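Quick heads-up: it's one chain on its own, the form predicted on its own, in structure tokens.
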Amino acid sequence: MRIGVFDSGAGGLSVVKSLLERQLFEEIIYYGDTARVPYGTKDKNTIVRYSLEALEFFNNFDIDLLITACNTVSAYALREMREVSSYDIVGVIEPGIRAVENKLDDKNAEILITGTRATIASGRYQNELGERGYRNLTALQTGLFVPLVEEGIFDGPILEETMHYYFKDIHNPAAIILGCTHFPIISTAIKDYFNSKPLMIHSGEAIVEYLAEHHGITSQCEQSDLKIFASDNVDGLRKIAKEWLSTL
């Protein structure tokens, strides 16, 4: 199979890492809209427009499936994208929620939802987890993590201070939803911040489980070929990919 992975920038590479590790697809076409990143600070209409324009890029390839690795796109534009697409499109929010259901039986357990401003404001994680009976939910906009990851700051005092700024009033959550695909890159630091060592819900791992459960995609191919494209500075994105995919 040949699939597409779409993200507003480099964050979706954390999803690609999980796909490559399982060797589920013969070819992965990655497209980052680096000219207009970040999406998480923009309004809904802009997010939808940018997402539909990204679909036009994938018309150049005969893909079988598209993964929108951006939580913001998954929150705001998935329905509109599906309406005009000839192939199936999978977002990251539903797989993340399914991962919580599969791994956390206690409906009273404290769940921390992190994400960009737009993702948290959409209420998608909060509402859908609430519908499934989870009652102890805290949603935080943690957008400052994105530029830190982009700058290669995966640990150290700057990240520690940023985590303290966001998490100072949060005590020992049972699970943390990494509601932005940049966040898995600093997941170890986030987990270590809390003494409880919470369950981390990672979009890439959740997608792999979701594809097996809902699409029957489990068989491994001999080799996965990754092709990376961008709306701006593709060489820069490819450099980031080389660094992140070897260290994630």
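Residue indices: 1-based, along the sequence shown. All of these numbers come straight from a predicted model, not from anything done at the bench.
Beyond what is shown, the protein has a form predicted in complex with a small molecule; the following relates to that form.
Partner-facing stretch of 205-213, 187-195, 219-227, 38-46, counted where any non-hydrogen atom is within 4.5 angstroms of the small molecule in the predicted complex
In the other structure, the partner sits against 38-46.
Is it the case that Cys180, even though its partner is missing from this view, gets within 4.5 Å of the small molecule in the predicted complex, heavy atoms only?
Cys180: yes, in contact with the small molecule in the predicted complex.
Any of the heavy atoms of Val146 lying within 4.5 Å of the small molecule in the predicted complex?
Val146 belongs to the contact set for the small molecule.
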